[in-house]
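Read the single chain below, which is given as structure tokens and is the form predicted on its own.
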């Protein structure tokens, strides 16, 4: 209990510090958020145009469905996204990682708190915005029960951890190579297509959709979006399968990150910082 108390105290201090830093650069944070909204809206516009040309519906999605889906993508993408690969790669390459190792707290905790602060910031902005938009435009209102909302929150939590760990894994590749960020961008390109960010997975070929059910992509974005948009209501078996797959990948990659951290520190050597 004492260890948990000190962990909570340290996290409270780190969270407060990161929150103060974020407020100091709030204009930059808002610009980043606005920039992140461009892709979902562009994809929405494209699919709305396609559905209109197809007679109003395509693949079981009508125009209102596409609007709700990509609003869900916008929210889920902001609440689960991680960027620690950039920080870690830069610190290791520039040598600024050395003083962080001298702190009495694993450097990953600073990255976790920074991630939590920005997620909280985006949640505070996005949730009321969606409520306001839904009040003005009824077609953006979601129709989900409390059970689906509970599954959605669980999926968001696990997905946030998974995407953070994946970023951390790619960042720690900088212990061995100077191309860690380039390798991550390849992964991010795959994630863009396979996670359901560019289109609902049900619109992809059946063989790809079935294979993707067992990969870490769909669960990190597509699953929470399908839950919040009500596409999985009444399909408890599919929900549980998705959550279990998402959890399995998260646990496995956390174990891999622990090993990679220990192995990477043995390789690390830097001058500067």
Partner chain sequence: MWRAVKKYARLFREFIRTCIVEEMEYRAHFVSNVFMSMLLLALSVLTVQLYFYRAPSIGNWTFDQVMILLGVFQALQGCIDFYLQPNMNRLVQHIRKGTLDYILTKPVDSMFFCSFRHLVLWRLVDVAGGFALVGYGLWHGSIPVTVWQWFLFVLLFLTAVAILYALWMAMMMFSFWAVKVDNLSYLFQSLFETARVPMSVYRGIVLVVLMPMACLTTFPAAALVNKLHSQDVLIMLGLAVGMLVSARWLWNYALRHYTSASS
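Positions refer to the first chain, counted from 1. Fair warning: this is a prediction, and the values are worked out from it, not measured in the lab.
We do not show the form predicted together with the partner chain, though everything after this point is about it.
Partner contacts here mean any heavy atom within 4.5 Å of the partner chain in the predicted complex, and among 229-237, 45-53, 211-219, 242-250 they occur only in 45-53. Contact check for 36, 41 and 206: all three have a heavy atom within 4.5 Å of the partner chain in the predicted complex. With the partner omitted from this view, the residue of 102, 132, 146, 189 that lies near the partner chain in the predicted complex is 189 [heavy atom within 4.5 Å]. Taking a 4.5 Å heavy atom cutoff to the partner chain in the predicted complex, the contact residue among 167, 79, 173, 199 is 199. When contacts are judged by a 4.5 Å heavy atom cut-off, residue 106 does not count as touching the partner chain in the predicted complex. The partner chain in the predicted complex is not approached by residue 127, whose heavy atoms all lie more than 4.5 angstroms from it. The partner chain in the predicted complex comes within 4.5 Å of no heavy atom belonging to residue 121. Taking non-hydrogen atoms only, residue 193 approaches the partner chain to within 4.5 angstroms in the predicted complex. Contacts to the partner chain in the predicted complex (heavy atom within 4.5 Å) from stretch 152-183: 178, 179, 182.
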